[in-house]
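Just one chain follows, in the form predicted alone, and it is written as C-alpha cells.
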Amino acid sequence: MTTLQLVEVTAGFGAVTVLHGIDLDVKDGEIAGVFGLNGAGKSVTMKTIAGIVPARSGQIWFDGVDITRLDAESRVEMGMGHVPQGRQVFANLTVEENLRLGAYTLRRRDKSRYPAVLDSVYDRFPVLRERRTQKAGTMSGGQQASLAVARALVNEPRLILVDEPSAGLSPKMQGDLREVLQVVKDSGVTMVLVEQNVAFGLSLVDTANLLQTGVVVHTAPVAELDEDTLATHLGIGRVLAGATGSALTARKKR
C-alpha cells in the first residue's frame, strides 16, 4: 500500500523552479531515501511534501487523499511529522517544552492522551527523559537530533519527513542516530529520509530515489543498487566510493 505519492510535482521560489516534475512513491512502513548532489532539490522536495513550499503543479497524495493544496498544519493534523534540516530545536526551551510544542495538534485534538504519548516517547528516548528539564541548546548534536525526531513523533504521525539528520554529527553520534531511526521504523512509522551522507542513508533506507536537478532519475530497492549507478547519478568519487560500497554490501547481507 502506498502512503505517500508525488506525481509530476513542480515547485520553487519566485522565478526559480527547483523541482521539475518529481515522481515519488513511498510504501507503507518503509524508509524511502532521497539522495542527490547539493542543489538537486532534496530539501525543497521535503518542504513541498510538508506544505512549507507550495507545489506549482502536479499532485501530492497522502493515505489516498489529495493534499496538494493543504497547508502545513493540516498535513500535521492528518498524521505527517517533519524533522527539518538543522534540527531547529528551540534552544532556550527545555526538552519537555520542545516536546509539548511538538504535540500542539495532539493536545488540541485529545488533550487527555498527551501524558501517555509523552511517556511512550520517553520510553523510546531514555536520554530525553533523563534531560527533560535541560535547555535544548545545551545538549550535544546527537541529543538534539534525537529531540527533533521525538518532537515529530509526539503527534503520533503515520509518516515522518527527516531532512539531513546526520549533518554535523560525529561518527559515534551518527551510529546512535541510526539506531534511533531504526527503532522508529520498527514501530511501523513510514519515513522519507533525505541525506547528503549517502553511506549513512543507505544503511537505513529500503528504497533509494536518486535526484538530479529536480527530477528523480533512478529508483530502486537498496538491494538492487550498485556502485556504478550511484557514481553515475550522484557523482561519487573514489573517496566516498568505499564507504557507499561498504554500506551497499552490508545491506545486501541482511
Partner chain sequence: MLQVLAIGLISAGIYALFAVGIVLVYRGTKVLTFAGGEVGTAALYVAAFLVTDHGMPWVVGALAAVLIAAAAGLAFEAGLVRWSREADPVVTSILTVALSATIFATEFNLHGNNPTTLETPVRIGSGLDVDGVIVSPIQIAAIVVAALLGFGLQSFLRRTDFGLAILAAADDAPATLLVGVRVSRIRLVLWASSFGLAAVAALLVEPTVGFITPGYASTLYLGGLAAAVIGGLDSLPGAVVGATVLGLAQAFADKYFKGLGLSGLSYVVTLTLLLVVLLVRSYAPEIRKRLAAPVEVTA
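Here the structure is a predicted model, which means the values were calculated and not measured. Positions refer to the first chain, counted from 1.
The same protein also has a form predicted together with the partner chain, omitted here; what follows describes it.
Undergrad: So in the predicted bound form, does any heavy atom of residue 156 sit within 4.5 Å of the partner chain?
TA: It does not: once the partner chain is placed as it appears in the predicted bound form, residue 156 has no heavy atom within 4.5 Å of it.
Undergrad: Taking the partner chain as it sits in the predicted bound form, is residue 138 near enough to touch it, meaning that at least one heavy atom pair lies within 4.5 angstroms?
TA: Yes, residue 138 is a contact residue.
Undergrad: Might residue 79 be said to contact the partner chain in the predicted bound form, defining contact as any heavy atom within 4.5 Å?
TA: Looking in the predicted bound form, residue contacts with the partner chain do not include residue 79, since no heavy atom lies within 4.5 Å.
Undergrad: Please run the contact check for residue 107 against the partner chain in the predicted bound form: heavy atoms, 4.5 angstroms, yes or no?
TA: Residue 107: yes, in contact with the partner chain in the predicted bound form.
Undergrad: Is every one of 127, 181 and 188 within 4.5 Å of the partner chain in the predicted bound form, counting heavy atoms?
TA: So, no: the whole triplet misses the partner chain.
Undergrad: Tell me which of 27-35, 44-52, 57-65, 215-223 has residues with heavy atoms within 4.5 angstroms of the partner chain in the predicted bound form?
TA: Looking at the other structure, the answer is 44-52.
Undergrad: Using a 4.5 Å cut-off on any heavy atom, which residues of 58-83 would contact the partner chain in the predicted bound form?
TA: Going through 58-83 in order - heavy atoms within 4.5 Å of the partner chain in the predicted bound form - the hits are 71, 72, 73, 74, 76, 77, 82.
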